[in-house]
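The chain below stands alone, shown as C-alpha cells; this is the form predicted on its own.
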Amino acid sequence: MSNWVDATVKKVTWWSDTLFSLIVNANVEPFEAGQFTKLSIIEDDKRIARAYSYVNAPDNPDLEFYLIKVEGGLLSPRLAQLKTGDTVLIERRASGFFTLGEIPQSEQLWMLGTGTAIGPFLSILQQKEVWQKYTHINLVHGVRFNNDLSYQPLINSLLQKHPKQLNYIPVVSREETLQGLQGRITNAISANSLFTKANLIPAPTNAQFMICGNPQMVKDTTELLISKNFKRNRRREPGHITVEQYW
C-alpha cells in the first residue's frame, strides 16, 4: 500500500500576504500532537514534497497545516494556489518525536517557536494531556512583524479556557510590538525579560523547554539555555531541552 493518499482541500485561510493555513481531509493514520507529515504534488513525473507539522488536534478530522509562501520555492507557491475542492497528496504516516511523551513532567513548560513553527505547539495545546502534566505553560512566538502573529482566535480561546495556566508572549523583532516583547527570543532570554514577563523563574528543577524554528534559532537558543545549566533532553538521559528544526 502506498504511503501517499489523496487529500481534498476543505479550506484555505490567508493570515497575511505570505502566511496561510491549509485544511484538508484525508484517510491518514493516527498521529501524535507535535508530529509532522509531508504534502506533495507530482509535476513532470517527479514528486515535490515538503514536511509540515499538524496544527490540529489528533482527534480532529480536519487536517491543518500552517505554511509560508516562499518566493521561488518548489512547493509552497503551488500549495498557495489550492482552492476548496482541489486535491493534494499527503503522506499517510506521520513522523517525529517532538511530542509530549518525550518531555519529562515538570512545573513549567516553555514552548519557544518562530514563524510557522508555532504549528506543533498549537496541536499540543489542543490536547488534555498538556494541561494535566504542567502547572504553567508558556507559548512564546517569535515573529518579525505584528501582522505575522497568526492564529489569534485559537490562542485567545485557549487563554480563556486556561487563564491561570497559559501565558502567551509574542516577541516581535522588526517593529514596535503591540503586545509582548520587542526583539528576538534569544535576547529576551539573555536579558531575563521573557521570564519576568511570565512572572516565573525557570530552573533545571522546575522547567522544560521545547524549541521549534529555523536551525540557527534552535542552535542559539539551545546554547543559551545550556549556559544557564539546562541540559538537552535524551531518552537515555532525560534533560530539559527538546528541539525540532523547522527545515
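Numbering starts at 1 and follows the sequence shown. Computed from a prediction, not measured in an experiment: that's the story for all the values here.
As for the form predicted in complex with a small molecule, it is not shown, yet the points below apply to it.
Contact with the small molecule, judged by heavy atoms within 4.5 Å in the predicted bound form, is confined among 81-89, 103-111, 124-132, 143-151 to 143-151. When the small molecule is considered in the predicted bound form, only one residue from 27, 190, 216, 206 comes within 4.5 Å through any heavy atom, namely 216.
In terms of contact with the small molecule in the predicted bound form, the residue from 68, 57, 198, 41 that brings a heavy atom within 4.5 Å is 68.
Within 4.5 Å of the small molecule in the predicted bound form, a heavy atom is found for all three of 115, 173 and 186.
Although the partner is absent here, residue 32 is not a contact residue: none of its heavy atoms lies within 4.5 angstroms of the small molecule in the predicted bound form.
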